[in-house]
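The chain that follows stands alone, in the form predicted on its own, written as structure tokens.
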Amino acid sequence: MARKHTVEESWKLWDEANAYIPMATQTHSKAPRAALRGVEPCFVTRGQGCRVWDLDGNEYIDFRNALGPISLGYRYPAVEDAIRRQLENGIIFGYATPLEVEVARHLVEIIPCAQSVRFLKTGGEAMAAAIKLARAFTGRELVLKCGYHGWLQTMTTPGMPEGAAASYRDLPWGDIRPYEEAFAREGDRIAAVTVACAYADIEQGHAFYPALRELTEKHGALLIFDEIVMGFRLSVAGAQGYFGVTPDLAVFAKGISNGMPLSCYLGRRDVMETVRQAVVSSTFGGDTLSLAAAKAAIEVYRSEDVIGHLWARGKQLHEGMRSLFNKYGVPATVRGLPPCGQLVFTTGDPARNAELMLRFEGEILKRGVMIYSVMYPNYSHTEADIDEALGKMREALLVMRDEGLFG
């Protein structure tokens, strides 16, 4: 008999956590949803390969993958062994370590725009560093921003001074016209254009990225790619590798170290050298455990077809889901590319779409499948794992269909 799904201990601890931790988590996207109380886990205690276990002992095939960083798999042997070996020699020191040079050399060899590299801990922090260097290098203040670059660059929430918010313009993905208009109005003030791919409409990048490259070069602004998600996933070099457009600066994080906290900002040497005057400095920017993990992870990417595997397993997942949707009359599809696709319901009513998504997530959680707004396959997902997940999704959709939720 199948084990009954319960998350009672998880929610009990969540209630206690709220007494000590606002939102009971450090990451907004990891907060459990009240509508899924009793179904969604609040705490995960361990992971192995492509699976995780929650506080109540439930096992899940995981497509959240720590919101993207677990690209090779939980406890991936080469990465875990590298961390254990380095731990015997120390975590951080009062001077740089050779690992900083080794990992930087790897990145210069595999990332088209990389001439110089520096390390930090999170993607948002590294984006802030790249933007600061762009402003220092150009002597301009305004940044045209496309996509989410972390909380440091989110100017539309309380707590941001008006002066800081005024130095950014949020513009859409895929349409070059608003950027052309912005440069026509105030091109001499624009230091940089920063851009992160839109998952669902990512293929628009084939025209959008070259247009941005041409526009920024014309006006003497820098082009900065947020490769936090796309790096070591869409291709080893991220969007610049996939679309064949080289930015001036780029930021990598997440998959670079298979879960250890590491980010880097890299790019043109003349721009990167501006750090001497602009000053971006962090005590923990060169911790050895994260760099050891990155070195091992990058070596796996360089010696094995990790990217091909992510595409293949993502394609299997997407095609399987679309087949289920067609078979059972589900108003839904999967958009975007296989390594980072998005499930979307398509009723035409946003509120109903949200309700269907929530219900679907609840039903598959009860059956041992965990997804996110972006579905991330990792290198440890096998064909059998994807087939198993699709079988559980089929069961969930049948329950929803039989309740008349699709028509």
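Just count from 1 along the sequence shown to find any residue number. Just so it is clear, the model here is predicted, and its values are computed rather than measured.
Missing here is the form predicted together with a small molecule; even so, the following discussion is about that form.
Quiz prompt | Partner proximity in the predicted complex: Ala196 to the small molecule, non-hydrogen atom cutoff 4.5 Å | solution = Output for Ala196 is yes: heavy atoms within 4.5 Å of the small molecule.
Quiz prompt | Tyr148, heavy atom within 4.5 angstroms of the small molecule in the predicted complex | solution = Yes, Tyr148 is a contact residue.
Quiz item: Does the small molecule come within 4.5 Å of any heavy atom of Thr274 in the predicted complex?
Solution: No, Thr274 sits far enough from the small molecule in the predicted complex that none of its heavy atoms falls within 4.5 Å.
Exercise. May I ask you to state whether Lys254 is within 4.5 Å of the small molecule in the predicted complex, using heavy atom distances?
Key: Lys254: yes, in contact with the small molecule in the predicted complex.
Quiz item: Out of Leu310, Leu72, Leu317, Ile228, which one falls within 4.5 Å of the small molecule in the predicted complex, going by heavy atoms?
Solution: Here the answer is residue option Ile228.
Practice problem: Scan Gly267, Gly259, Gly123, Gly238 and let me know which has any heavy atom within 4.5 Å of the small molecule in the predicted complex. | Solution: That would be Gly123.
Exercise. Determine which one of 164-172, 149-157, 92-100, 130-138 lies within 4.5 Å of the small molecule in the predicted complex, judging by heavy atom distances; exactly one does.
Key: Of the stretches listed, the one contacting the partner is 149-157.
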